[in-house]
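Only one chain is shown below, in structure tokens, and it's the form predicted on its own.
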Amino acid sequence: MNIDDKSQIRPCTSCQMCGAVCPVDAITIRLDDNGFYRPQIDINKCIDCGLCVKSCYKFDHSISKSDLANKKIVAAWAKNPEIVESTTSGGIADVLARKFIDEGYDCVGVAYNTDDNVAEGKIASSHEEILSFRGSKYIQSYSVDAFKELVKTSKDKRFAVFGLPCQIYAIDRYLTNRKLRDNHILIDLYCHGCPSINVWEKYINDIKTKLRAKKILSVNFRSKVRGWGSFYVVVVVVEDVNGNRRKYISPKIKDEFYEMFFSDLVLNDSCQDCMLRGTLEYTDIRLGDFWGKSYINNHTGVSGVTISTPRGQKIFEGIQGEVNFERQEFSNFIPYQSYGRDYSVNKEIRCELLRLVSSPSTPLSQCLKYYNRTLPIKTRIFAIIKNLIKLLPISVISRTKSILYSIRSLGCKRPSTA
């Protein structure tokens, strides 16, 4: 039995752990036509050992939503302002990674490869190496090679792994089956979902063309250039042979990448109703931005830190001297996350949109025009109002959001994180 077995009950998450645990290298990970990483099995090599299935979300009937009464949530941000400024949220992942390195762990995280414009799983063993992990990456990462190293050395080394809930689930299952779970630390993220890499490729190539870039130096998927709480892409490029640099900052409204991302139509199949998004049973700590009314006037960054296990509690206690933190209630946090949420999407529209973004000859602007034409009138009006609000000064935006949060807390639809 392998991961192609017909008894699977869910779509593939693209976690890639199956390729890491295979003892005969029968599984390779490749992008499919729609822009998602998928396992490819060489049947001639496969020995039907079943190790891939034991770590695979597709076959697990026992996943259930967590009881938040047994978990703990705090709002936290690094005391070091440089860390907060250089990271996407409150810098807690950075503080934790530094602590793990000091305690002898190797850290597994995601870095952005500016040569190939892809996100890649990497293993870091020094403070310098973990700097590349800073900042959220809103695309799937190619992580099978890093996971193979973890599998190969997990008996002799200690790892602290930062990943998406689907990745952390698979690693937890593997380590638990090997009776190695207590030797390692697992930290996942509040996840909205992963879009087709084809969307990002069109987006970044458009930027390179606009700036006539010779080389991309850095990419920040969610810069604080206009304050924390907003979604702005910042790309720094070399524009000529003399090494002169230019910076691209995405517009305040109608950023093509994030409009496609938050449409939910170009997310991975498994993201539509992911059960791992709504469970905390496989991680020690889950990190996210503390969206919502509690820190509406904070424009530097606050992390939501959910402590899921006694190990996670001990870990957080170990960094308390380096962070500011406040105990919080889940009611102030969860309504502003995608925790436990399913996305209802029109399958025909999704199929056509994925076809368009997969076509090399179709610009991203045309894909977005097609998507906007499918929206109901009420949704279009709401989008126009939201875009107009984004053009206001940040202090006015904060007050407006606070009013909207108060109104919606009376029983209306849950607020968007966009």
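Keep in mind that what you see is a predicted model, and the values were worked out from it rather than measured. Just count from 1 along the sequence shown to find any residue number.
If you look for the form predicted together with a small molecule, you will not find it shown, but the lines that follow are about it.
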* the small molecule in the model of the complex reached by all of Gly109, His192 and Asp289, non-hydrogen atom within 4.5 Å -> yes
* Asked: Counting only non-hydrogen atoms and a 4.5 angstroms cut-off, does Tyr203 reach the small molecule in the model of the complex?
  -> no
* Partner contact for Tyr295 in the model of the complex: the small molecule, 4.5 angstroms, heavy atom -> no
* To do: Look up in the model of the complex whether Ala93 has a non-hydrogen atom within 4.5 angstroms of the small molecule, and give yes or no.
  => yes
* 4.5 Å heavy atom contact, Ser223 and the small molecule in the model of the complex -> no
* To do: Using heavy atoms only and a 4.5 Å cut-off, determine which of Tyr174, Phe231, Phe133, Tyr248 is in contact with the small molecule in the model of the complex.
  => Phe133
* Structure fact -> in the model of the complex, the residue from Val235, Leu164, Val199, Leu280 with a non-hydrogen atom within 4.5 Å of the small molecule is Leu164
* Region of this chain that lies against the small molecule in the model of the complex, out of 182-190, 248-256, 309-317, 210-218 [heavy atom, 4.5 Å] -> 182-190
